[in-house]
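Starting off, we have a lone chain in the form predicted alone, written out as structure tokens.
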């Protein structure tokens, strides 16, 4: 029955790509024989070559007049490879980029705003995947795959200190209460690690903002940012968060470069899906710890920042309508997500690249095929009404300017050491950030 439902969903989604989508404003796809060139990274990862071929085969079966040519580019020199192709007038029709703002500056990226507005499938995307990825009011990129932040719950430490695991419908207040209860710095066990609150709180509290409060139009160093940096300093200084010195690591773990979360020293560790395989194998074998994977705690804004890989359609493509369809079938579309999940399972690999669409059938497919360590995560995505906010730094205009200013002035470090008040510097940082945005927008308008 599950297989039949998946097939029916794919058929229904495929039909939306056919010529009668004209009713929604999309032009019909060409009936001519054409070739589209496509490039993405990740082909060295287990399962990704097979996923790529499965996605291409699915697209070509649905569109038999369109041939897809994969363009291999070395991931380690990706930007240089694209620059070389651009100089030869050979950019792929559809390709991934590490920096959307740089691609726009290079005049590589097609304006996709009209496609987002007219394609009914785009309504399946989490809203901020579109709204927060605007540059000067336009969308030049599409979200390809999603890597949500997750909390790696060390069940063994919960058991050690007789603390029950929380509900997956938990809040940040629950998280910090547990963190305090589970912290035993005298034994070098800690409640939390990787305190990415500056990244996470704007989405959690305000719902539609990425790091530094980016909302698709402006940066906001508001109360969410102030709370984030102050909370970070508090949990580190109170030894609730793992922040072991090299000397402590050598004395306790026998290695000054040891990673305490991977040594079973943290009860709740914020990480991403690509790390699960290591925790399920190496970390479990070395420490004997058992891990369960949770969603981030829910904030009032019901937003969760997630790492997103981005793609663009080349401004030079001769087939923009067909390139849009290819991008959808290879990455963000519901039919692409289902095929990716099916292929990973057939190979015996966990799904690490997750959907950028809220389509219930897609997430239900993950729930139905998950083991107990992660099933609760997928169920929470379905039931909590979360809005995934994409990592904004690859897209934000002027990001380099505010990041350089923030890091060169050691803002987090000074607040951690009590040398600086977050509230006193917030207005200055917001001014620097939005000035960088204005400088960037002016540069691409010239």
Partner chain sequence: MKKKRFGLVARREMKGYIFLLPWLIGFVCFFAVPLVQSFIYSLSNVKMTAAGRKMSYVGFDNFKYLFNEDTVFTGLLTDFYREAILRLAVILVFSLVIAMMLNHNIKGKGVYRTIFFLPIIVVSGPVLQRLMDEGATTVPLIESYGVSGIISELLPASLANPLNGLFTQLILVLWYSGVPILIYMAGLQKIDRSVYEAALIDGAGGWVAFWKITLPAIQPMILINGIYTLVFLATSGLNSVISEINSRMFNTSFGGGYGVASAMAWVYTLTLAVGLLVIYLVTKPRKATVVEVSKTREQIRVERLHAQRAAARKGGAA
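Quick caveat, the model's predicted, so the values are computed rather than measured. Residue numbers count along the first chain shown, from 1.
This next part talks about the form predicted in complex with the partner chain, which is not shown.
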State the residue from 404, 57, 34, 382 whose non-hydrogen atoms include one within 4.5 Å of the partner chain in the predicted complex.
404
Answer option from 275, 131, 358, 106, heavy atom within 4.5 Å of the partner chain in the predicted complex:
106
Each of 89, 102 and 400 near the partner chain in the predicted complex, meaning some heavy atom within 4.5 Å?
yes
Report the stretch among 327 to 335, 240 to 248, 116 to 124, 191 to 199 that approaches the partner chain in the predicted complex to within 4.5 Å, counting heavy atoms only.
240 to 248
Using heavy atoms and a 4.5 Å limit, would one call residue 217 a contact residue for the partner chain in the predicted complex?
no
Report yes if any heavy atom of residue 316 sits within 4.5 Å of a heavy atom of the partner chain in the predicted complex; otherwise report no.
yes
Flag residue 174 as yes or no: does it have a non-hydrogen atom within 4.5 angstroms of any non-hydrogen atom of the partner chain in the predicted complex?
no
Taking the partner chain as it sits in the predicted complex, is residue 223 near enough to touch it, meaning that at least one heavy atom pair lies within 4.5 angstroms?
no
